[in-house]
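Below sits a lone chain in structure tokens, taken as the form predicted on its own.
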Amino acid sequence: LDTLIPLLRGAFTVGAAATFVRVYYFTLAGERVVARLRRNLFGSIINQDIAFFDKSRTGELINRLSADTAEMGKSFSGLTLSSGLRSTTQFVCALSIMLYLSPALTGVMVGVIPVGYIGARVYGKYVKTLSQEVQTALSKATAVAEERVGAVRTVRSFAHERREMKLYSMEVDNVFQLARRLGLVSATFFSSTTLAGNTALLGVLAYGAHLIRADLITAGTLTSFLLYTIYVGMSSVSMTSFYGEVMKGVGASTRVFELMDRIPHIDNVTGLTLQNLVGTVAFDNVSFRYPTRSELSIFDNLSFKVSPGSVLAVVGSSGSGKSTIASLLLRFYDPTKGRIVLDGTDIRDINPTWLRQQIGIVSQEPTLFAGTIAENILYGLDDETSDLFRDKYPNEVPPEVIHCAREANAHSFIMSFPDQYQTFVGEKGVSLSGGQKQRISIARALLKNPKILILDEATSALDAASEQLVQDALDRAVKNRTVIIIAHRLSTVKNADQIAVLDNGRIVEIGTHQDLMSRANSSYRQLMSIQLGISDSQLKQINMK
């Protein structure tokens, strides 16, 4: 005993060390796989074409990125895999020893294995399918929550909290019902396998007693065999649980890999880069239908040209497709017919990433990220330049940022904040006014220093005072750039070099403000008359003055 105790102590210490190594390294390997999976999945999502996002709900994509990958991580984690490996090894070793002790008793014991195997296959297939349904239902619930929380001000203004709670509860109930079915199936399967294993154990005990009476084995052999039978039973239960967890992960992985394997229709990384870009833009007989609304034609043989350094204003009634021009020029979509040309080159032959770096856009409702003002302005830079700025100005605001903020009439209100350029703007810039967000958006576009600038209803949602500040900033921003203004306000478009009137998917007339106002039955003059709320004759008199 004096010799045995130190040996056992050493064996237990080695066992504990082995357990530490097994758990730590298996867990580390599993988490690395999940982290790589999440990075690759996010990369696949962020590089999809815009048409994909038109038909996908943000909450569902977030669910795949979080819940589905978490389920995969749980199923294929180091602890799960190591437990499965340990149970399999234990099962094989114990079964081998049982076969050595008594082949006859082993035959009785393994008689239940085919039944368990068939049951496990059926159970695994059902769990895989049901797991996919659970993840789909959970993604719908996540989508509802994400959408309603993101629009909480609208929900609150209409006092629809109770309605949204009811809607979310319905989605959660769907998840619960599917989870209940999964729990029922799991309970049935595990209780059946437990019953089958115990029945096999009773069979071994009864047959073993018969073999003892026949002097074919000893009581000690039967006792040892029963102990190993318990090991086999415990291992079988662990292996079954492992198989069920793996099938859940496989169900979740189907949704993940489906998204990762999706190839975007517009490749963002291949194509030409133009040297010495001039900035000539032309739409050549462009026809277009949105992929999600293929029955509705937006453009039908649309053609126009913008010369380098000139300003084209596009006006038209609501829904005429004005903003779609910006989406096509940025190559968010490809035309169904015709082509869009930049300096004589079809933009489908140009590298989309390079193309978008040459185009700045200021939209009606600019999107700011939940960061500081300086970070949002710096977002206008490409990755390489941004890294250079970060290294050069690690603890201060780059002077280029301040210069662009001044040009955008934003510097004065930024400096009025206690934290100035380090002011946190909140999610989507919620802590700033519309005019302030718009001017930061202009500063961001100016820092990008694009050759082509798109102003998409940039002042339409502002009050008179904010509009004047933003308009002054825009007047400075358009200098020495090819500019496309999408607007309807007279004050915004009247000074453009050319004004194109868009109607029924085509340019119906084009010219200067004075030229269009002087034409008889001018569509442009009718739009201005409706906007100002005066008769055509009154508008004509004002224009003559």
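Note that residue numbering follows the sequence shown and begins at 1. Please read these numbers as outputs of a predicted model, since none were measured by experiment.
The form predicted in complex with a small molecule exists for this protein as well; it is not shown, and the discussion that follows is about that form.
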### Query
Is residue 296 one of the residues lying within 4.5 Å of the small molecule in the predicted complex, judged by heavy atom distances?
yes
In the predicted complex, is there a heavy atom of the small molecule that lies within 4.5 Å of any heavy atom of residue 319, even though the partner is absent here?
yes
When the contact criterion is heavy atoms within 4.5 Å, does residue 31 count as touching the small molecule in the predicted complex? no
Margin query: Taking the small molecule as it sits in the predicted complex, is residue 358 in contact with it (heavy atom to heavy atom, 4.5 Å or less)?
Written below: no
The stretch from 189 to 197, 285 to 293, 210 to 218, 137 to 145 that lies within 4.5 Å of the small molecule in the predicted complex, judged by heavy atoms, is 285 to 293
Interface check vs the small molecule in the predicted complex: of 174, 83, 420, 323, the one with a heavy atom inside 4.5 Å is 323
Picking from 91, 333, 413, 242, the single residue whose non-hydrogen atoms come within 4.5 angstroms of the small molecule in the predicted complex is 333
